[in-house]
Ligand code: G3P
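Here's a solo chain for you in structure tokens, the form predicted on its own.
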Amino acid sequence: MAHFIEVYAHRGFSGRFPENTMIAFEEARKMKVAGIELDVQLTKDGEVVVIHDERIDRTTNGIGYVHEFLYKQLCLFDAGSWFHSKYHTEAIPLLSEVFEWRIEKKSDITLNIELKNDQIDYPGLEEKVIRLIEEYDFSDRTIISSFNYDSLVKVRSIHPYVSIGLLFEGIDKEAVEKAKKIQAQGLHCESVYALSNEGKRAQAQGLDLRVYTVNKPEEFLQLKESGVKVIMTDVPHEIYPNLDCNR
């Protein structure tokens, strides 16, 4: 019997569209992915915006740090032309805009929200994200992840049951114990961990393995055999031809 595995679009359908933009999310939805992974930070005036890098230089026509701009300034930057000129109308979205889009599309897609607070401290980020999740009643279809363990501790102290994913690189032999301590449901890891003895131990402890960023079909097939719960990919259109059990 084929193992059921979920595919999440990493920063939306970022292999073909500008990452973390509304078009990347919409095109991922059209691909019928199970989930979308996205990244959030805070503007100068405390708005929760969707962008990966701490600086806006790589993915917009602006220069500087996200937290240096008011949202009314940040939203004016072109967040699509770096990928292709035809996407020049794409902007940095608010997290609330993504939530509104999900409601408009009547979608039950899972949103994996990564708190990008491992490099810059954003006071209040956890509270603001959870407030939005509760306002839109999305607690049952949302995962909060971060490389910042203390931030996840805070998330759990604020919300008793929202799904948490502990993010890390390589093989962390303390990951299982860390996850258990904060009642995390999953580990967000690389293939090297998922295929290791530590990965097997995590699964035996009841933790879901959600693996990033899987863009090669052969790597996906190997992970599928290992029984991971989720793979995150930039290229769902290349993964799906090898998928026969969750669409």
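When you see a residue number, it is the position in the sequence shown, counting from 1. All figures in this text were calculated on a predicted structure; none of them were measured in a lab.
Beyond the structure shown, there is the form predicted in complex with this ligand, which is absent from this document and is the topic of what follows.
At a distance threshold of 4.5 angstroms between non-hydrogen atoms, Glu114 is in contact with this ligand in the model of the complex. In the model of the complex, this ligand lies farther than 4.5 Å from every heavy atom of Tyr193. Using a 4.5 angstroms threshold between heavy atoms, Asp39 counts as touching this ligand in the model of the complex. Although the partner is absent from this view, His52 contacts this ligand in the model of the complex, with a non-hydrogen atom inside 4.5 angstroms. Among the residues Val129, Leu94, Val155, Leu167, the one placing a heavy atom within 4.5 Å of this ligand in the model of the complex is Leu167. For the candidate set Phe99, Tyr71, Phe147, Tyr87, a heavy atom within 4.5 Å of this ligand in the model of the complex is found for exactly one residue, namely Phe147.
With respect to this ligand in the model of the complex, the three residues Arg11, Tyr212 and Met232 uniformly fall within 4.5 angstroms at the level of their nearest heavy atom.
Screening 114-122, 77-85, 171-179, 133-141 for residues having heavy atoms within 4.5 Å of this ligand in the model of the complex returns a single hit, 114-122.
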